[in-house]
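First come two forms of one protein chain, each written alone as structure tokens, so that there is a structure 1 and a structure 2.
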Structure 1
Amino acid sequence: MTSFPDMIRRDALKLAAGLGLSFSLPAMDSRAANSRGAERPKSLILLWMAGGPSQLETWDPHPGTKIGGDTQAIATSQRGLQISSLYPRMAEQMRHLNVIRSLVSEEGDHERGTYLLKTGYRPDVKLTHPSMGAVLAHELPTSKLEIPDHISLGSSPAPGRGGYLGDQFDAFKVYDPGRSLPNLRARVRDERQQRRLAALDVLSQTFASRRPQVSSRTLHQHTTKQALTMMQSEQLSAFSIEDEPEAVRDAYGDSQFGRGCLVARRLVEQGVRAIEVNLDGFDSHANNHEIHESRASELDPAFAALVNDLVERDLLDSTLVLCIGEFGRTPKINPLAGRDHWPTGFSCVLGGGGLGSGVVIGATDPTGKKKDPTDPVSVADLFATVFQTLGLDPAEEFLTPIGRPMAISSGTPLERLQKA
């Protein structure tokens, strides 16, 4: 495993300088971290709840009803809003956020639901849509960044993909955030690394000089340069939480997800555009309550610490945080004390990035008899809201490789969530 201080090797800068044109480095520039509040370029943090979290055990409890199970409700810092008692720390933060309790989709299968909730489009055999983060990275490139601007933290069954925008917009995957970074340290000492790169330079020139047009398309030299830049970038320290005070680390919780949320905050400070932090294990077909208790023990402290941190550092206005999974779970509790897949009337929490706060949209039937929630919100509308908030026009179209124009989002932004 690579340790962080070791990875940032100043000598490497000299090394690259000696290489000549091909693998020379871009000049370092000022960081997004220097600006705050509304002037800051906006970022997205997606907290991905893989498996499909139960709305009833999270943001839409119905205590004392047949469908409510063992979950109690607690009041929050947002007047009139109650959430599951499994989330006491989030209760303190809810006044900064909004809740949608009436998301509706037609995809009740993990794979298809994940695709829809990650891209805003239903699966289509003819093309792969880009994920939310990939669209942002594509539309809002950050020139000052030496690390990827679309990053997935923690193990995820489906990290965001570039889709038809190209693999270069795939999320850069860090499986164990705050602990290790894969493949970022050269295997040999600087002197040998220099010899290696010199040889690579000669080989690249042979190939490229014979095929100038092709070489620009392969992006090989480009990605090699990016990789070398990243390997020696001081910005890599954003992935490390070693220099965070112990109290801060404790607040996020000693879990992979907690470390991921802390790293996400550091990446935002560095100016990274889109980050997803993954929390797996919500597929509670049996023992639903125990499973959600265990998930909440990781999600509650990490999410709350993240929001609190963003507020304290004046970063929330420029950082949209969205917590969501591929669908919700059935009001009915099955014989195994589990809940099954439920794509109508599930919940998400979102806030920051310039959105207003304290809004609750939609309601589900406490008896569980009515399938459809009141005031339903489509996944596409949620996407349009996120894109508009981050400064994109959802109606703008990409021309896909198959020649079909495709809007950034097919939905309509929810005006109610915008700042009054």
Structure 2
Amino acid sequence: MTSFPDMIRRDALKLAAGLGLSFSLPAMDSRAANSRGAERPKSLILLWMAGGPSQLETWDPHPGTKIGGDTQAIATSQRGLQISSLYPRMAEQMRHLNVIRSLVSEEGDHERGTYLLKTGYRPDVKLTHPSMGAVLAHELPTSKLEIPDHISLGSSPAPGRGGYLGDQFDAFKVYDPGRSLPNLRARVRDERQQRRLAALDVLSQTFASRRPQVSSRTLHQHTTKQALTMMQSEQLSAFSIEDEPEAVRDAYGDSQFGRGCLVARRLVEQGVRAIEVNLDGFDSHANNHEIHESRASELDPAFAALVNDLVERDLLDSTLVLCIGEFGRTPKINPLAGRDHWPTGFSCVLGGGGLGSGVVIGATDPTGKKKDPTDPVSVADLFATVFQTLGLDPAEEFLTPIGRPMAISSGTPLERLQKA
């Protein structure tokens, strides 16, 4: 629960970037990592759809109506549930998952909406809230993990942040997952590397003796130690997909997002607590259908392969998967064949981690005339559900650096999504 001035935080991040990682946390021991089913410690995979995906072109289509556009609907493996025909592979996996079609948000701006959907709280100029993954990394530490416990895969303008919990809970960022990680192999021979480290140690100790408070705040020595541990760890192999069978890699798709989902599964197997995989490009103010058709070509195979993999490896009961963006899109199609921002009545898909399956919550008006959905679900309630499912008490309070009590979530868990 430490706060750092901006300048100090930037210095720490620069140091971490130079070493090729941000921070490491204790995590799951090997025995726990090898367990399966409900006995396994839980993880979260957040599939983040940046730009605001249209509910009508994903999980809540209304074909044949004025608002439905060109999108058709297909039946799924979940009785009575139809989704967009752009997602045939996900249609096969929906029996394992749940759909909320009535999410409501107070934020219709990209930046503010992203903040709310990443943290569960609206932006506050006096406070930076931690992301969902940062809270999990803070509250559910385990042991013996030598790689970070909160990881963001793929390019994202807003990866998960530690907020008032501290920069050490920021997500470790991997911009091109499935490729070799930069700056994690020494560029000089071991003997020279050891001389360099010895010299660095002298400088660090001298700095720490003269400015102990600043040294502590920058996390300099902590970060260096964790970086060196990671550089020598066999657990780095979790970031590589080269040893995966070609058929598995093909199933996920050779896209940044597809490789990211495959790496996410491997990181869960390693014991990483929170992973987010980013897919951008959903901002469809013009040519909405074509944009969503393009995005679905990456999301559909990767999401379906991930769910199928987790089921086959008996990991779904311990891994909560949430697919969501910052808001939805308007029922009305604008003159540019696009849809605009719509924070009322948008959709998400979630399942696993001990949740039940086959539940559909809420409905939107097929005519588009009614703004509010039936059975609305707040973002806070969604967050409370995720935290409770992963073993946290949403009402538990943190103390911010200025002593302000803040609940993990201000919402109420959706009991309908829990297993009967």
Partner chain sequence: MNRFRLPILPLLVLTGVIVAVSWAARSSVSRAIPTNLPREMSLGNAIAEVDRKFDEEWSKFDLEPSALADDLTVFRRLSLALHGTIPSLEEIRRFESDDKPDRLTRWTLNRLRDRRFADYFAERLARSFVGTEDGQFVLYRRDRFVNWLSQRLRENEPYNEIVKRLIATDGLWTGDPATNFLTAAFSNDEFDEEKLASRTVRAFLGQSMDCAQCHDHPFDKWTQPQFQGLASFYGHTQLQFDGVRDFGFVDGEPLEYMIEDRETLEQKTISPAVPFGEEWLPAKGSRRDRLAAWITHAENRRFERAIVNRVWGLLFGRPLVQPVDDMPDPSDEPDLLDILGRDFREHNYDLRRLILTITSSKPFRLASTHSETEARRFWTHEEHSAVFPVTRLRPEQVIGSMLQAASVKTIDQQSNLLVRTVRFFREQDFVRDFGDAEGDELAERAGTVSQTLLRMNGNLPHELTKATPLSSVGRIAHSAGTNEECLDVLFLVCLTRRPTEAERTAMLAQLEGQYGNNRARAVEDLAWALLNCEEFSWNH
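Throughout, residue numbering runs from 1 along the sequence of structure 1. So that the term is clear: the rigid core is the largest set of C-alpha atoms that superpose within 1.5 Å between two forms. What you see is a predicted model; the values in this text were computed from it and never measured.
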Of structures 1 and 2, the one that is the form predicted in complex with the partner chain: 1
Core superposition between structures 1 and 2, C-alpha change of residue 311 at least 2 Å: no
Shift of residue 203 between structures 1 and 2 at or above 2 Å (CA, core fit): yes
